[in-house]
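Before any questions on binding or motion, here is one chain by itself as structure tokens, the form predicted on its own.
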């Protein structure tokens, strides 16, 4: 059974159709790449899948304990169901410490009522202890344990990218959406990120959908690829099939030609 299925997703902004009739089927444990030229509609797809924007039409079915149509649900509700994401533009809380950033993400999992901390209820103290311990374990997992007290805004760029992934993991997702995770990274950082993504996929039993412009990164990491161009799916298949697809080559060459003029 698929973990997530979207059917006929369309997003219109006024007279502009950003995504047209997009269909997606993700099986548990898959690592799938969503690629395409700039302006192809990739981030719009992510925004629809995570509840940040409501599609003009179509459906998104997410299978947890039961099948849920997540169209119309708020982002925090979608996240609680098990869908987490990172962003192309890093969205950390720069003045908070590394540990505090992870705990803020983890906080949505707490079951104690909002007033529990005021009265110091034992149930909340137990949850708080588990939150701190779990956050530290996640930071250790990505080699950020030595930086727990550092303000997030003072981290190196690659460390900020890893912290954002940890924040997503802290919500305990079954589906992780990564929006250009390798953007701005040097080759060594990119190779380290590839290893990290493969490791967390295995260790946390994740299904992963990612957007990325680095073709070497995508081809070396993803099991299959979906290609968008001007909001329309123009190809889907194994990396080697996509590499040889003439329509995909034309779409990317067209982008380069526009950039040259």
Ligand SMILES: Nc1ncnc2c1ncn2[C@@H]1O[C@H](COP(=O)(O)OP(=O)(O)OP(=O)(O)O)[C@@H](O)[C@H]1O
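Residue numbers count along the first chain shown, from 1. Since the model is a prediction, treat every value here as computed from it, not as a measurement.
Below, we refer to the form predicted in complex with the named molecule, which is not included among the displayed structures.
Visitor: Are any of the heavy atoms in residue 41 no more than 4.5 Å from a heavy atom of the named molecule in the model of the complex?
Guide: Residue 41: yes, in contact with the named molecule in the model of the complex.
Visitor: Is residue 58 close enough to touch the named molecule in the model of the complex, meaning at least one heavy atom pair within 4.5 Å?
Guide: So residue 58 does not count as contacting the named molecule.
Visitor: Is residue 180 close enough to the named molecule in the model of the complex to count, meaning some heavy atom within 4.5 Å?
Guide: Within the cut-off, so yes.
Visitor: Under a 4.5 Å heavy atom criterion, is residue 18 part of the interface with the named molecule in the model of the complex?
Guide: Yes, contact at 4.5 Å.
Visitor: Taking 4.5 angstroms as the heavy atom distance cut-off, pick the stretch from 63-71, 41-49, 214-222, 200-208 that is near the named molecule in the model of the complex.
Guide: Flagged stretch: 41-49.
Visitor: Spell it out for me: taking the named molecule in the model of the complex, does every residue among 8, 33 and 87 have a heavy atom no farther than 4.5 Å from it?
Guide: Not a single listed residue reaches the named molecule in the model of the complex, so no.
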